[in-house]
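Below, in structure tokens: the form predicted alone, a single chain.
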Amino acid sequence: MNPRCRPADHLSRRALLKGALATTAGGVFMNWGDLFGSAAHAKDVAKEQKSCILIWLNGGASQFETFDMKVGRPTGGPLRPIQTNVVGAQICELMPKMAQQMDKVAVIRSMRTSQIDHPGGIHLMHTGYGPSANVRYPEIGAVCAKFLGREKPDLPNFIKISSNGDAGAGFLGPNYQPFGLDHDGRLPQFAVSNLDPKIEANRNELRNFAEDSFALDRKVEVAGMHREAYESVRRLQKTLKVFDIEQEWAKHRDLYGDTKIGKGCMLARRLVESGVAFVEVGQSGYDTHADNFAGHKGLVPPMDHAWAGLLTDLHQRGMLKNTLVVWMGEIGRTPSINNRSGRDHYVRAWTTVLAGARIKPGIVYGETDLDGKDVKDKPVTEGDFFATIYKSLGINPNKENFQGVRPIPLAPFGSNVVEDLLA
């Protein structure tokens, strides 16, 4: 043993065996996310009662038709810019409502990421990592559920409304899996019991008896997970009214816009207000290889209305200071316009937006060159982006997780927090 190391720096035999169990084939069983000091860290972070809402633009919205216009250039396209409530900052005419919310957001125009296709990009921008055959990385929602969520909550800590990420909880384990709602925000069938309460209680008692008997001689983690899954559904029954937005929707329809994404954003606000750590709201259709401009004319205005309504609502309720709102897709679109009036996939220079929590409001970070082909100033990688998100939420992005005996930080090794984005 190195005499200069503290005893706490050494892994005990018990901890090592917990981290990894070698199989006869030489593989490793994962330990469901045993972080160095993660329990204590999670409790400290949860005290701040922060939460995160992700507005996910599936297919990849064009930076040129949103926040990084190149008017008058061959790459610019036919749409025109409008002035915002931040001096010198212009955005696309399709977003008049967000133009009046620019003093609440930080626009990152200098994203440079590594996955050009949709499956890889979706995985990358949900986890911070590219796909791997050997590691099941957790989505940002699962990380937030672990560090920001409540223990044994009535509502799930990680909820998706009409979304497309598929990494799930990864090595953090089943407790942090997402709970999915459909495109209209409706609950899945299993969430509501049609049984008489007495019959259901009797069934639950019988199931618990059988599981207790099984567990007497078989100390396996899976048995506990099975019971927790049932108990989570039973706790959910107490909170079903949170998902019924119809009465409140009549009061807020004009604020959010009478669309699916409008309803999704209002439901997301209701959920974080009720204690949910992470909610993802999805809008699909941005993969505009053809008819890019017509496509964005159909998609961006309802998104603009819903997003602006969400920021306004959070701000008026005093929630924005503790709620991070992330706006992104998996990729950007090409500077060149193809022969079908479309833009293809592009990751060398594109745009994301952050607001709330510790994010500095009313700024545009980074810059692309004259035609938007490359980052001119302050490039931000996927790792930098996720490290900044985690720090904004009070989560240490350098926290390492064991998959087997392999340490994996929440944000990839070498990532840097973009301190200029933090207030």
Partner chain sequence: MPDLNPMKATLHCELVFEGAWTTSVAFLGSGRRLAAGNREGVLLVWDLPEQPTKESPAPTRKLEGHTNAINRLVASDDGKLLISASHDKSVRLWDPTVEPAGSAEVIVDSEQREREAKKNPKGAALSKPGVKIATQQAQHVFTGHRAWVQALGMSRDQKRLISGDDSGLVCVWDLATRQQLAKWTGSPANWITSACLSADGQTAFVAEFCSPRGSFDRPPAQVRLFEAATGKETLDFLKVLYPNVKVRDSSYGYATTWGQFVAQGLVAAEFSPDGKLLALAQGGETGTGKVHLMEVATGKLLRSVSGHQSGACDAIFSADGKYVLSVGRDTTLRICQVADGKEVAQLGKPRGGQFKDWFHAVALSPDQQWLAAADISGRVYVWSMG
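It should be emphasised that the depicted structure is a prediction, and the values quoted were computed from it without experimental measurement. Positions refer to the first chain, counted from 1.
Form predicted in complex with its partner chain: not shown, discussed below.
Enquirer: Its partner chain isn't shown here, but in the predicted complex which of F171, F293, F243, Y346 has a heavy atom within 4.5 Å of it?
Expert: Contact residue from the list: F293.
Enquirer: Which pick from E211, D154, E93, E231 sits with a heavy atom within 4.5 Å of its partner chain in the predicted complex?
Expert: So the residue touching its partner chain in the predicted complex, by this definition, is E93.
Enquirer: With its partner chain left out here, work out from 324-332, 337-345, 125-133, 144-152 which stretch has heavy atoms within 4.5 Å of it in the predicted complex.
Expert: The contacting stretch is 337-345.
Enquirer: Kindly confirm or deny that Q83, L320 and P361 each have some heavy atom within 4.5 angstroms of its partner chain in the predicted complex.
Expert: No, the whole trio is out of contact, none within 4.5 Å by any heavy atom.
Enquirer: Can you tell me whether K297 touches its partner chain? I mean in the predicted complex, with a 4.5 angstroms heavy atom cut-off.
Expert: Residue-level check for K297: yes, a contact with its partner chain.
Enquirer: Verify the contact flag for A99: yes if a non-hydrogen atom of it lies within 4.5 Å of a non-hydrogen atom of its partner chain in the predicted complex, no if not.
Expert: No, A99 sits far enough from its partner chain in the predicted complex that none of its heavy atoms falls within 4.5 Å.
Enquirer: Evaluate G120 for contact with its partner chain in the predicted complex, applying a 4.5 angstroms cut-off between non-hydrogen atoms, and reply yes or no.
Expert: No, G120 is distant from the partner.
Enquirer: So in the predicted complex, does G275 come within 4.5 Å of its partner chain, heavy atom to heavy atom?
Expert: Outside the cut-off, so no.
Enquirer: If you look in the predicted complex, which residues in 59-83 sit within 4.5 Å of its partner chain (heavy atoms)?
Expert: The stretch touches the partner through P78, L79, R80.
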